[in-house]
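First comes one chain, alone, set out as structure tokens in the form predicted alone.
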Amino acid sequence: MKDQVKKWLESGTVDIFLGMKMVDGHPLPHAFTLGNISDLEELVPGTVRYPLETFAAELAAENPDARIGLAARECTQRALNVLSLWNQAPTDRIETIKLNCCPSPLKEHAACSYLDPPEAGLFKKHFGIDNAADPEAVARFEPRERFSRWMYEFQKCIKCYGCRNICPVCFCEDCSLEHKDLIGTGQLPPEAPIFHLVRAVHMAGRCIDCGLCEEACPADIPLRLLYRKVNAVVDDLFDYRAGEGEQPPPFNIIGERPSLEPKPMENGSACPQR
């Protein structure tokens, strides 16, 4: 990986390579350039999960001619696809070095979903369900029991914004989660469940299931399970999976929108109009 980055910088393939550099024993985001090419000796291999694609999008916006490189797992590439479709990142100026997916170094159930989706640990930990092959296993719970369980999870939130800040596809300049009339500030514990329901709706059709939000959550809220559910609804209604292909997102008003006609259900009937 270091040799590849060095070749890219020396040949002008990229002007900047975004990676993690070891500083005083801690891996931190770093911009490697031809001017500091010796820093490559401190380049951390692809064992640290961090959304460097968000930095790539910002650098590309500020430097229209810059070519940017970064290492990319499957989730990184999905995030870049989403950012491109939302006109947030010019993927034609971003070069990637492909990395294998790896388990999370912090939380077992935050590992990449594309290794073995969905992980048994995720359901077992939060709902006591062993069948990892059934992503709708939670639906077997009675509605009242599901509501009580999620309220319990939401009330653990300390509103640290870690889930939003680490998310590679959160790019709104004016975040609704900080709107004083919607989300009160200075409250501990914060009002539940408004914070997470607002964010869940916002992530519908955008979440690429990288698991970083759940990994960052100090309260261990099963955020990934929540976002998987809203993504499943988007998939059912619009046949859309975030980060896969070049199909325009159903909620992106910038580009051409797909039809809002609901998909026919399996029995031949259609979902009720809204």
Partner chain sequence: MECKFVPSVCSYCGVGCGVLFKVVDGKLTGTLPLKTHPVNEGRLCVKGWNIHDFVNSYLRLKSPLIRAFGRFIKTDWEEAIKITSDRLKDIVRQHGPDSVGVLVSAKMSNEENYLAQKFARAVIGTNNVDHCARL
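By rigid core we mean the largest C-alpha set that fits within 1.5 Å across both forms. All values derive from a computational prediction rather than experimental measurement. Residue numbers count along the first chain shown, from 1.
The following text describes the form predicted together with its partner chain, which does not appear among the structures shown.
Using a 4.5 angstroms threshold between heavy atoms, Ile166 counts as touching its partner chain in the predicted complex. Contact annotation: Lys159 falls within 4.5 Å of its partner chain in the predicted complex, judged by heavy atom distances.
Taking the partner from elsewhere, Leu40 is found to have every heavy atom lying beyond 4.5 Å of its partner chain in the predicted complex. Taking the partner from the other structure, its partner chain in the predicted complex has no heavy atom within 4.5 Å of any heavy atom of Ile208.
In the predicted complex, no residue of the candidate spot (Lys6, Glu74 and Glu244) has a heavy atom lying within 4.5 Å of its partner chain. Along 4-28, these residues reach a heavy atom to within 4.5 Å of its partner chain in the predicted complex: Asp15, Ile16, Leu18, His26, Pro27, Leu28. After superposition on the rigid core, the Cα atom of Pro27 is displaced by 2 Å or more between this form and the one not shown.
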